[in-house]
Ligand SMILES: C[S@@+](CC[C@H](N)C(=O)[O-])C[C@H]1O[C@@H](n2cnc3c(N)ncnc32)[C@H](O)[C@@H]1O
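In structure tokens, one chain follows: the form predicted on its own.
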């Protein structure tokens, strides 16, 4: 959860092109749910889109749909025959994201997979490998999401993991959003394994929330 709007982000977003009406619709939906603080910022969304574009994705996975904002950024990258599978557990969030992503769902470019991602990800493994996987879901399950992604990413593909700082909890900060021991230890375990993996190139992007970027060699 973002503690405050960074002056750096405010400056960046004053320079970036305005978001489309569809993206604004997704932001409004998250505000109506009282979840604007966990919705990806324009600065972060623009960065994530830029990174994903580097692999020219055709098949993409997103874990954590919320109201469909980051999905729109990803779908803008896909060719007409490409596809994004986006996973969301909350029925209310699914309802909101269907409104945002309707045209992409109708065209076959997007599929919202409702339910627990840990149970549903193995069901689409046969559709892979996938060119880009974005992890932004249940923080306690990040390690398990990563292990699935590691096995299902294409050669040269990219895994993007958001919120890896846990608002500073990984280095001991106390925040308004409380993280439990499982979330913190799982995040640290995942991060250590990522930087020990010889088949990936990995780096941090020190955004407010913390991004981890992995590219398979």
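Positions refer to the first chain, counted from 1. Computed from a predicted model, the values in this text were never measured in an experiment.
The form predicted together with this ligand is left out here; the points below concern that form.
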If contact means a heavy atom within 4.5 Å, which one of 181-189, 49-57, 149-157, 64-72 is the stretch that engages this ligand in the predicted bound form? 64-72
This ligand contact in the predicted bound form: residue 40, any heavy atom under 4.5 Å: yes
Do residue 111 and this ligand share at least one heavy atom pair within 4.5 Å in the predicted bound form? no
Would residue 137 count as a contact of this ligand in the predicted bound form, using a 4.5 angstroms cut-off between non-hydrogen atoms? yes
Examine residue 101 and determine whether its closest non-hydrogen atom to this ligand in the predicted bound form is within 4.5 angstroms. no
Note: exactly one of 116, 76, 95, 144 sits with a heavy atom within 4.5 Å of this ligand in the predicted bound form, namely 116
Going through 83-116, which residues have a heavy atom within 4.5 Å of this ligand in the predicted bound form? Please give them in sequence order. 87, 88, 89, 90, 93, 115, 116
